[in-house]
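First, one chain by itself: the form predicted alone, in structure tokens.
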């Protein structure tokens, strides 16, 4: 393959030059090198060096002890942080995630040996060029995810690498080598050792990539029961994932839409997402979306206004119609026909265009107004507000101060 010239950012080159001019080795390493070789723009530039943490700190004006126990110092330049890590050899992994101890070394190759995949185990500086001890360039050319050295050892050290393999496969559109696949299958149970937050992060990068179909690898490698707690649909056969993928492929790479697609056949999507430690917004939007697409399509504006209030105007404005279109085209929408979906969209546009009242705060009369008109604060006042709101949902023309005041007085009497 033709490898483009690698141009490091000025600050990265400066850090490497400072380290080298003081007698140490230093290289850009990992994903930034991989991306540069592939002609992609690296998001982060990590640096590895033979200098020990205290030696790194002595050479730069401002540093942060990001992970000094494991040899990582963040060098701050013009408000931007660059991680600089001492060459190291990892000790034994007993928790399936982190080494119990690390040993610093002066040997770059020893440091590269501990990394996850060959495509992430390359280093570069302007003096030495690309250091590729494990054929990462060949694997890039062959579009292959392959573990460094023995795959079972790499996954036994850190089970999160299993999900990283799936994620890189999706992000880069690479296949996974046979030996790496077999190691994933044999060590799948180790995923139970990984925090739900880390699992969530890897899965999010996977399903919001350009190849969300790689989520099907979870079924292929029987990973579902080790990833999803209390999920009814995602721990079974690959047929469910095939259906989910057909919907995902019709959706934009939006976090909320893609996760809603993944939860499409779950009885309680909010519960599954909560187990994965998701934020309340993701849980809320996905739960409402799935409930909404199972709700019968209203055949009148009155019923639609009630549906909008039930599920939220934000859902209609940003997500619902896109989601319905995808689920419908994939053949899994049962709440209405194509013609009914078109009519639903038309009614919604007319309701929004007319400025119909869709929330209590948009009513022409407020609780404070009613109190000023002699109504007593309390439970009955709340009942009156709800009664009035229901009236204007049924007939928007009633959203007038004097009209609603009359209805409120009649209700009270």
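Positions refer to the first chain, counted from 1. Predicted, not measured: the structure shown is a model, and the values here were computed from it.
Although not depicted, the form predicted in complex with adenosine-5'-triphosphate is the subject of the following passage.
Only one of 354-362, 30-38, 54-62, 340-348 has heavy atoms within 4.5 Å of adenosine-5'-triphosphate in the model of the complex; I'd like to know which.
Heavy-atom contact with the partner occurs in 30-38.
Q) Of 271, 164, 288, 301, which residue is found within 4.5 angstroms of adenosine-5'-triphosphate in the model of the complex when only non-hydrogen atoms are counted? A) Among 271, 164, 288, 301, a heavy atom within 4.5 Å of adenosine-5'-triphosphate in the model of the complex occurs only for 164.
Looking at 134, 168, 323, 241, which has any heavy atom no more than 4.5 Å from adenosine-5'-triphosphate in the model of the complex?
The option sitting close enough to the partner is 168.
Given that the partner is absent here, does residue 190 sit within 4.5 Å of adenosine-5'-triphosphate in the model of the complex, heavy atoms only? No - in the model of the complex, heavy atoms of residue 190 and adenosine-5'-triphosphate never come within 4.5 Å of each other.
is_contact(residue 196, adenosine-5'-triphosphate) in the model of the complex, heavy atom dist at most 4.5 Å:
So residue 196 does not count as contacting adenosine-5'-triphosphate.
Check residue 220 for me: does it contact adenosine-5'-triphosphate in the model of the complex (non-hydrogen atoms, 4.5 angstroms)? No, residue 220 stays farther than 4.5 Å from adenosine-5'-triphosphate in the model of the complex.
Query raised in the report: Is residue 266 close to adenosine-5'-triphosphate in the model of the complex, meaning a heavy atom pair under 4.5 Å apart or at it?
Result: Residue 266: no contact with adenosine-5'-triphosphate in the model of the complex.
Residues in 103-135 close to adenosine-5'-triphosphate in the model of the complex, defined by a heavy atom within 4.5 Å, in order: Read in sequence order, the residues that approach adenosine-5'-triphosphate (within 4.5 Å, in the model of the complex) are 114, 115, 116, 120.
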